[in-house]
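As a starting point, one isolated chain is supplied in structure tokens, in the form predicted alone.
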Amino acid sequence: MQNYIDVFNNPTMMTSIWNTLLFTIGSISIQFVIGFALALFFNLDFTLAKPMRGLLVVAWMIPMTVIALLSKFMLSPSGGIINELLLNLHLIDQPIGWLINNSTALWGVILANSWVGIPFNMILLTTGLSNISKSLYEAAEVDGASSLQKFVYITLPQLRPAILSVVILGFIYTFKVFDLVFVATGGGPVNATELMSTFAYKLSFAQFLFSKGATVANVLFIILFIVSLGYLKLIRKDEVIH
């Protein structure tokens, strides 16, 4: 119990919890919106749909440490492709130190993590879309339904189990991310990207406070366990409805 009291009295603990929540919510929001848009696009019947979808999945297959190193290069203030692109589009006046600035570092790692998660969202949602019976859309067209009405009253309800899986699995996967953030920023600058996972690692293997590091890991596990229970409850509710 004393370990929990000490850990929660450490200001870095509250910072890491807040950063972990922002990192998770920000990553999931970007991944889901773009992944859903791409799933709808590639669900259309055109020739290059499958090859293009396969190319996008490559990002998901790259190890997280490689993604972190690539992100450091792409977000670099000196010659990074993101700054060069924004400068050429006249959206910024000077290069931004995405990963070395307190105010932008967390957004930098969120963008890097979203890059990996978008293909995961796209694949699961594409699978869900392919399982929706075309007869439902044909019947809606006979009734004169618009594209928006078909999306709201057919696509979204039929896709609910897939959306639920994507969001919950994305939350669990993102909440415990360690390697990407540790390699990209090491939790800095000044704890701006310190997550619970990186904080637990530093307590255990940098400060050799193993019991306190384990305490932070336990808090992380408890949060994920509660989320998993909520997911199981929602799944059972869906099974009862169907």
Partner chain sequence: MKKIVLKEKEKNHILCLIAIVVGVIFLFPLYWIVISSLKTDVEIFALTPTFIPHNITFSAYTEQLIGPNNILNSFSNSLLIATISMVLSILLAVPAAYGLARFPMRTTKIFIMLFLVTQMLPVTLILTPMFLIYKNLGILDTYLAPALSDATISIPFVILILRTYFLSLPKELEDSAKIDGCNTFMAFIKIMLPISYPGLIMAAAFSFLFAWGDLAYALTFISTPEARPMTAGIYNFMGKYGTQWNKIMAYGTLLALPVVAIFVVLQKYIVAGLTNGAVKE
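None of these values were measured; they are calculated from a predicted model. Residue numbers count along the first chain shown, from 1.
Not pictured, yet referred to below: the form predicted together with its partner chain.
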{"property": "Its partner chain contact in the predicted bound form: residue 218, any heavy atom under 4.5 Å", "result": "yes"}
{"property": "In the predicted bound form, residue 207 touching its partner chain (heavy atom, 4.5 Å)", "result": "no"}
{"property": "Any non-hydrogen atom of residue 18 within 4.5 angstroms of its partner chain in the predicted bound form", "result": "no"}
{"property": "Residue 224 within 4.5 Å of its partner chain in the predicted bound form, heavy atoms", "result": "yes"}
{"property": "129, 142 and 144 each touching its partner chain in the predicted bound form (heavy atom, 4.5 Å)", "result": "no"}
{"property": "Residue stretch of 118 to 126, 152 to 160, 90 to 98, 132 to 140 approaching its partner chain in the predicted bound form, non-hydrogen atom distance within 4.5 Å", "result": "118 to 126"}
{"property": "Residues from 82 to 96 in contact with its partner chain (non-hydrogen atom within 4.5 Å) in the predicted bound form", "result": "84, 85"}
